[in-house]
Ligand code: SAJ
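Take a look at this single chain, the form predicted alone, given in structure tokens.
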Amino acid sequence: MEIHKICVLGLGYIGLPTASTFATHGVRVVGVDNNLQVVHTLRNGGLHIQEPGLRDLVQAALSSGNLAISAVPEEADAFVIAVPTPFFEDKRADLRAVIDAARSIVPYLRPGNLVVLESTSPPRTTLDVLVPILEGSGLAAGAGFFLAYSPERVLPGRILQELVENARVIGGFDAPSAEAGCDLYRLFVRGEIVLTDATTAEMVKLMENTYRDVNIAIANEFSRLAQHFGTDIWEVIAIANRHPRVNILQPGAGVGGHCIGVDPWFLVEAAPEKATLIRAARQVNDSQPNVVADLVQRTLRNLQGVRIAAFGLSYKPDVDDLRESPAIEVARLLVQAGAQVTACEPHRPDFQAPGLAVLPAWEAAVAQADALLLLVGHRAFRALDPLQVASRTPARVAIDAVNGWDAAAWKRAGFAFHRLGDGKSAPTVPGGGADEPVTPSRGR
């Protein structure tokens, strides 16, 4: 299939890098987003998301003349749908953006065009949702236009590299559709391209993230058991992982982002009676922010009016992505319990949430704090010198939910230190018992 022009719908974390990469490989691209602020920002040289190297890539694409930004689709040889697929409160997939995007291209669909869905979706979305909408054009899937599903499989912080180098799965409505998808992505993909059917490709993406979710869930549950039995989960994991066939992941504040915390629910929705383990893992990880909030509550006793400096709000270290972030949920629970929470999130200092103050610099966040709480292991936070921190804050309580701080160093700096899953060292104060809750300081 010859491809001279591509229309990419959705200019978020996946759509914008994809559109820009196609454009810098010599293809004309129109990037479409229904958010007029996004369109305005990109047209004026700005960027609405952060990703290493993305600014230079987008500027190169725009400067080449191959990338245009629009609020509406245009005729093209290929259409790529890369819009968000969140879920409703009852955990059902919210496919409204996918449906709207598909409907928007129907007037522009011509014989021989290719439509690719990249948005993560429940099994059979391509066949049961997209086909009826797109066939409203009067063209039949397979016979009149090619249709494929090709999930993004990239890691925030490494999107530009992995977009090109990772293996690409292309599931076609039929074999010719899969081949057409291969022609599209071969324009820039250097990794292996695997062809299959659409539903298999949908399952591949969901299973990859569900596998990781289940493994994180067992690590989080292990942390609760270690606390219960009075041992240190971090020591246990380090020893257990010496076994050549064991690789236990790290516990933390929960699971976030647009994929791992969302995708397993699509399988539960599609076959609830078959996905019992998947549902249980999701419930463990969804409840993990409550475990962290409870740790803070037990450490500090009464949270009413206690000033807590929370380090990090993104869903994982060193990214600006806040989608489904467990750190935000922990902060919300603490505010709900009466604490005054000031968060330091250098990657998203513009973030706002009810009852939560967000600052870009940790020095300002800790200046009036009674306790410090590490929620996200940003490199800058892991590298903090506890003696320097101690000189900037009246707080003498430090709580680590991600094993990012050296317990001994923080104790030497005068902090009562407590860590998620560490049942060996309950919070203490000078002269206090090992199981005695810590009362936060109220000034130096």
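Given the structure is predicted, the values throughout are model-derived calculations rather than measurements. Sequential numbering from 1, following the sequence displayed.
Omitted from view is the form predicted together with the ligand, to which the following refers.
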{"query": "Listed range touching the ligand, judged in the model of the complex by heavy atoms within 4.5 Å, from 291-299, 266-274, 150-158, 184-192", "finding": "150-158"}
{"query": "Contact at 216, 250 and 254 by the ligand in the model of the complex, all three, heavy atom at most 4.5 Å", "finding": "yes"}
{"query": "Answer option from 85, 227, 125, 209, heavy atom within 4.5 Å of the ligand in the model of the complex", "finding": "209"}
{"query": "Heavy atom within 4.5 Å of the ligand in the model of the complex - the one residue of 130, 101, 260, 201 that qualifies", "finding": "260"}
{"query": "Partner proximity in the model of the complex: residue 315 to the ligand, non-hydrogen atom cutoff 4.5 Å", "finding": "yes"}
{"query": "4.5 Å heavy atom contact, residue 205 to the ligand in the model of the complex", "finding": "yes"}
